[in-house]
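There is one chain below, alone, in structure tokens, taken in the form predicted alone.
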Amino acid sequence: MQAVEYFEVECPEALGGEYYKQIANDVLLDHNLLKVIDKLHIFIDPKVPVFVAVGLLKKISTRVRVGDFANVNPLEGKMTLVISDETYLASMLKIFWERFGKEKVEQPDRFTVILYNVPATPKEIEDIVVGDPSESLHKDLIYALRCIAPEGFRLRSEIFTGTKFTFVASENTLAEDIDTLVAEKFRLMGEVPP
């Protein structure tokens, strides 16, 4: 697994900054997000109070197709799919039911799905998109950043633009100059603000 290229926690209190760096690392590791974050800069000032996290995500594969986790074996009148990874099984079954009808889809066990007389070739079945990891990535990242932000910082602003993200939280109304602070943190990472 490639490490995060840039990971800094900035805090006026040095010891607090070290604690927050460990907390952030643990939360991101627990949520399996370190492998998708390229750069992350966290700024926390409890006196203001403000918590700012800005970052850059690595490019991730966006679409999962049936052929990525199942072998499609055609026989006369049916196709047997041998499943190697159950992660997208539920969404695949839902798509099959909607497209072909429940009566043409059978699942005799958790690693096998049989399609009966469906109007599709094995190649068309393999090419059906059943998932997009980037859809849940933003939700997972926001959840993790909420866990990292100090307790009581309930006022939040979250922005995702392509691979860049911004998460700002505070106990109070967010200051008008928050965009300047966010831009400064992006520049510290060597990035242009979104």
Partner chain sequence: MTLVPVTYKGGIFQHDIVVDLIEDLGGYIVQKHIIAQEVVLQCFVPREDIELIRQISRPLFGEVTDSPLVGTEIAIVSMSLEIHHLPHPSCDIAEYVRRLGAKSNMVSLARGPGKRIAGLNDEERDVINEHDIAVYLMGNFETCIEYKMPTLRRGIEVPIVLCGGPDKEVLERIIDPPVEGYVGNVGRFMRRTKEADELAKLDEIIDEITRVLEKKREEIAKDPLSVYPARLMGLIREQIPEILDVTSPTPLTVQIAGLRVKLPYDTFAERVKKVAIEDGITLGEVAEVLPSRMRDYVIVKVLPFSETNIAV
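Values in this document were obtained by computation on a predicted structure and should not be read as measured data. Residue numbers count along the first chain shown, from 1.
Not on display, but discussed next: the form predicted in complex with the partner chain.
- Message: Whether C11 contacts the partner chain in the predicted bound form should be assessed with a 4.5 Å heavy atom distance threshold; does it?
- Response: Looking in the predicted bound form, residue contacts with the partner chain include C11, since a heavy atom lies within 4.5 Å.
- Task: Indicate whether the partner chain has at least one heavy atom within 4.5 Å of a heavy atom of L181 in the predicted bound form.
- Result: No, L181 sits far enough from the partner chain in the predicted bound form that none of its heavy atoms falls within 4.5 Å.
- Task: Classify L174 as contacting or not contacting the partner chain in the predicted bound form by the rule of any non-hydrogen atom within 4.5 angstroms, answering yes or no.
- Result: No, L174 stays farther than 4.5 Å from the partner chain in the predicted bound form.
- Heavy atom to heavy atom, is K47 within 4.5 Å of the partner chain in the predicted bound form? Because a heavy atom of K47 falls inside 4.5 Å of the partner chain in the predicted bound form, the answer is yes.
- Proximity to the partner chain in the predicted bound form (heavy atom, within 4.5 Å), stretch among 145-153, 52-60, 129-137, 33-41: Of the stretches listed, the one contacting the partner is 145-153.
- If you look in the predicted bound form, which residues in 20-48 sit within 4.5 Å of the partner chain (heavy atoms)? Y20, Q22, I23, D26, V27, D30, I44, P46, K47, in sequence order.
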